[in-house]
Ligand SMILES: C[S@@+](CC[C@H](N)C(=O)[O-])C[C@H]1O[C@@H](n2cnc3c(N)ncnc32)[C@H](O)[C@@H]1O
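Okay, here we've got a single chain as structure tokens, the form predicted alone, with questions on binding and movement later.
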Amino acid sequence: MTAFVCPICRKELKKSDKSAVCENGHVFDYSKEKYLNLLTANEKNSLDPGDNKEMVAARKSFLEKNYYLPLAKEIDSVLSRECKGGYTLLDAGVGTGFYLSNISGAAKRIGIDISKHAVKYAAKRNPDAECAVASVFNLPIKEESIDAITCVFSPYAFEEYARVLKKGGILVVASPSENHLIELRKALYDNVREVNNKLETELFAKLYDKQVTYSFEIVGADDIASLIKMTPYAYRAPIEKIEELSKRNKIKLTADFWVSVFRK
């Protein structure tokens, strides 16, 4: 038995050799990295949904330098406090699998992302996890089967999260706060928009918000370029500003996140 249900008929998927199959005969092959592609044709808004290959590679390169490790550790700390040992975790919008790989207490780990390029990396980084290409707005997961969900810089599919979480389950959402990468934004834009993603939703009871703020320094033009490429700034900021910033070899930045914790 896998962690997933068939995206076509919603029946449970069972492992069969190198595939997963439901009782109605719908078959999904495992990739060589051992993930499933459960994104149906009518869910695709393009030929290559989600973050593209270049953006995902940049994110992988940046995160592997541990610039955001304090955030990962805070998420793990929250889950350790709020969840009983041996819980089932879903990382909704798993990306390259960096945050999932830093969760220490889950007995079963599941990763979902709409980008096949991201899931490829996530599955390789987390060989003991079950990963799949799918939309967080149509999770191929059984109702009330998950103990905890993490959502790190991913779309907020609150209705789906409420559907798959068990009663009393925990939702941890990480989002940028007011001063996140403020130095980078000021270097790229003449007028910097205010950011405050402190979340509220009527579908869950909020337990608390925790602000995670720290300073870090990027040394090396390659890492600076990776940071720009992994953000929307790569295609929204003025080209001349990006080129000017790309010539720098060092930049001091502020990391500023909200970690919002909810219970179903």
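Since the structure is predicted, the reported quantities are computational estimates derived from the model, not experimental observations. All residue numbers refer to positions in the sequence shown, first residue = 1.
In what follows, reference is made to the form predicted in complex with this ligand, a form of this protein that is not presented.
Using a 4.5 Å cut-off to this ligand in the predicted bound form, each of R59, S135 and F153 places a heavy atom inside that distance. Site annotation in the predicted bound form: the residue of L184, I114, A129, I103 reaching within 4.5 Å of this ligand with a heavy atom is I114. With the partner omitted from this view, the residue of A237, A225, V212, L63 that lies near this ligand in the predicted bound form is L63 [heavy atom within 4.5 Å]. Only one listed stretch (176 to 184, 88 to 96, 120 to 128, 140 to 148) carries heavy atoms within 4.5 Å of this ligand in the predicted bound form, and that stretch is 88 to 96.
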